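So this first bit is one chain, no partners, the form predicted alone, shown in structure tokens.
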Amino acid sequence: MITVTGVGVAMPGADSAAALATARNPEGTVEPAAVLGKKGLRYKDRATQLGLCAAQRVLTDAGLLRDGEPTVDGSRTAVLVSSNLGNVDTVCRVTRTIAEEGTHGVSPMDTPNASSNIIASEIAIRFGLKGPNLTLCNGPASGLDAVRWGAALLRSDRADHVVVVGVEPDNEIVRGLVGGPVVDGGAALVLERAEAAEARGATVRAVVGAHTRGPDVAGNIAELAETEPEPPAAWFAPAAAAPALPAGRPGRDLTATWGELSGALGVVQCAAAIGALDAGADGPVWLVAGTDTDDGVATLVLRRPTPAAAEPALR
């Protein structure tokens, strides 16, 4: 059984799962220096700073970080990041500079940040996490895919703990690409096998249920319904996906609150779902990332832990 033992939120107007689940008109911005301190933030792009904020909060929440040091074997702790737009501003700036001035014009401070895996790498370096390290950037379904990959790493014994981060920045270049504002924040989870969480006395926040992946919402929901024994108590999904979901259950489109979430969507949904479970949702919470017009749709179920919880099949 795969469990969630930590939640970290670094969103405008929300710094916890509870706040994320209930926020309707969030205000303010995330200030990385207030979370991390100023040391080590210079020359890091906005997405990396936000990812570090979410990572510090989730590691602390899960009890994997104390006084700035990991409390578990860092070589058995993986980092997975979902971000479609993360460092695109740096990449565009470097590309423009090369086109206009040649390679001699590129700042040595920019070149490391042009790596597509920079967010995951910086999280691993800062917190001493030396396990598998991976970035996913495959559209709106990317965040839920990252959770599934994290579960796969645990099941295959490639890691004992997996930090999953979904993050996106808001800047002029990003807005130009997507045609409007993007959430300037992110969220993070810690995944562990149930026995590992029990062995270290961790608090289980949720159990990871079934996951589906396919080309359309209706097909994914039908497959999910065949696998999951309980109907949803609530769901988080894009508005365009709502007609395919079970009627009569409360639903929420987080993009209506925060704008485009892109690669952060699935992880932010998971954090909000845990906020809903903490608030007393009377059954599992279903998550849907992607719509019929996207490259693919992913779904995931999170439910409150129970002693007799059985592990579902992940397809």
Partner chain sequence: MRLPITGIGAVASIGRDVDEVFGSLCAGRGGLGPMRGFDHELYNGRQLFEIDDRSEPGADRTLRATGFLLDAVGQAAADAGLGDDLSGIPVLVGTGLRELRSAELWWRDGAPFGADRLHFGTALRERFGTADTLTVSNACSASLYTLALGADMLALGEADTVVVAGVDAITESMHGLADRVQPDPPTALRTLDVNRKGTILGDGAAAVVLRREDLRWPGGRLWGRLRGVGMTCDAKHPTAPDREQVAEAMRQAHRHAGTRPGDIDMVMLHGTGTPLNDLVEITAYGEVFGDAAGGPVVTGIKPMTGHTSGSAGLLSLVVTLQTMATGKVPPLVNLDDPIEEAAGIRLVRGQEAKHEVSLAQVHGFGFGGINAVAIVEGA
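Predicted model only: the values in this text are computed from it and were never measured. Positions refer to the first chain, counted from 1.
Not on display, but discussed next: the form predicted in complex with the partner chain.
Q: Looking at 230 to 238, 202 to 210, 168 to 176, 189 to 197, which lies within 4.5 angstroms of the partner chain in the model of the complex, counting heavy atoms?
A: In the other structure, the partner sits against 168 to 176.
Q: Determine whether any heavy atom of V182 comes within 4.5 Å of a heavy atom of the partner chain in the model of the complex, and answer yes or no.
A: No - in the model of the complex, heavy atoms of V182 and the partner chain never come within 4.5 Å of each other.
Q: Can I98 be called a contact residue for the partner chain in the model of the complex at 4.5 Å between heavy atoms?
A: Taking the distances in the model of the complex, the answer for I98 is yes, it comes within 4.5 Å of the partner chain.
Q: Check whether C137 has any heavy atom within 4.5 Å of a heavy atom of the partner chain in the model of the complex, and answer yes or no.
A: Heavy-atom contact with the partner chain at 4.5 Å: present for C137.
Q: At the 4.5 Å heavy atom threshold, is P108 in contact with the partner chain in the model of the complex?
A: Contact check for P108: yes, within 4.5 Å of the partner chain in the model of the complex.
Q: Have a look at L224, V72, L245, I118 for me and say which one sits with a heavy atom within 4.5 Å of the partner chain in the model of the complex.
A: After the contact test, the surviving option is I118.
Q: Using a 4.5 Å cut-off on heavy atoms, what residues in 209 to 229 are near the partner chain in the model of the complex?
A: R213, G214, P215 sit within 4.5 Å of the partner.
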